[in-house]
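Quick setup: one chain, the form predicted on its own, written in structure tokens, and binding and motion questions come after.
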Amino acid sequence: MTVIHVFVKQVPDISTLEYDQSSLAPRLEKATQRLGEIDLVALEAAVRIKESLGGEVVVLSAGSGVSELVLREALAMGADKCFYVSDERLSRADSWVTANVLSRLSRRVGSPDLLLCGEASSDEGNYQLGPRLSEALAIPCVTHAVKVELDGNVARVRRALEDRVETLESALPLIVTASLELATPRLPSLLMIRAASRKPLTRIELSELGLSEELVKPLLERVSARILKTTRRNIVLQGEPRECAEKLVESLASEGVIRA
């Protein structure tokens, strides 16, 4: 039976994000929480593989204040079970800490054939989790996947780079990071949502993973985070079309947008 581990992260929904008017700091505590956009893409890819070849999809998550209600969305999409770690010490976790926790959680849960995650989280966007999991678990990793196929004990992954598209083959187990092009997440039906309420969702305490203090101590510290405010110039050009075009070119050139 093919076992697939999918790593998901609870992130603020940017459409509900507010900021402090004086400091411009985001008010993360007021934002609605959701699963990361690319994490859902990775999950959809895993569920499609299960539907095609059979097997089991296990969702893993770690963070502070993790909501079981949010994780139920992953179960509604077709995952079979979910394990998560929720601990206040992970509130300032960087990719190093997150990979340490998730890799240890993956080992505790079982021995997967395929491990999937989004290529970047919706909040941090640093593209590090997959490669760090690869180092922690000693499993090869293929990044930026746009297609994943399994054939027995072999995975065939197509990935898109800036100047070319590559197709790679690897024996399982394998870690794959998903790009947005890999799949379009499904919208769970009412029956799928009701079924998710009966699927196992298990909390694992951070202390149960046997991690040393060094492995849960972040290497990076966020000094500050601020919203970048932008305003429109609202320049109105008047005159004949040719005259307006000349004025537009002059304006763009003066701003350094183009070379006249």
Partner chain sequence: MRPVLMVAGDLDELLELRAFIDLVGASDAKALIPENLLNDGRLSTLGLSRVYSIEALDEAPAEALSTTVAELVRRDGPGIVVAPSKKIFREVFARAAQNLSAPCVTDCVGISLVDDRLVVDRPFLGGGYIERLAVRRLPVLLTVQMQGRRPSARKEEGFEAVRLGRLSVEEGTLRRVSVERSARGGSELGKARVVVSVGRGFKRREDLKLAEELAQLLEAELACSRPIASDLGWMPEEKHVGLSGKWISPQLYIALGISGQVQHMVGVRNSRVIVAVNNDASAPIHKEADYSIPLDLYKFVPALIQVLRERRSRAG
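Note that the coordinates shown come from a computational prediction; the quantities given were computed from them, not determined experimentally. Rigid core here is just the name for the largest C-alpha set that superposes within 1.5 Å across the two forms. Residue numbers count along the first chain shown, from 1.
This protein has a second form, the form predicted in complex with its partner chain, left out of what is shown; the following refers to that one.
- Using a 4.5 Å cutoff between non-hydrogen atoms, Leu150 does not count as a contact of its partner chain in the predicted complex.
- Though the partner is left out of this view, Ser106 does not reach within 4.5 Å of its partner chain in the predicted complex, counting heavy atoms only.
- At a distance threshold of 4.5 angstroms between non-hydrogen atoms, Ser86 is out of contact with its partner chain in the predicted complex.
- Looking at Arg158, you'd find a heavy atom of it within 4.5 angstroms of its partner chain in the predicted complex.
- The stretch from 67-75, 123-131, 185-193, 108-116 that comes within 4.5 Å of its partner chain in the predicted complex, counting heavy atoms only, is 123-131.
- Scanning 180-194 for heavy atoms within 4.5 Å of its partner chain in the predicted complex gives Leu180, Glu181 in sequence order.
- Core-superposed comparison between the shown form and the other one: the CA of Glu246 exceeds or equals a 2 Å shift.
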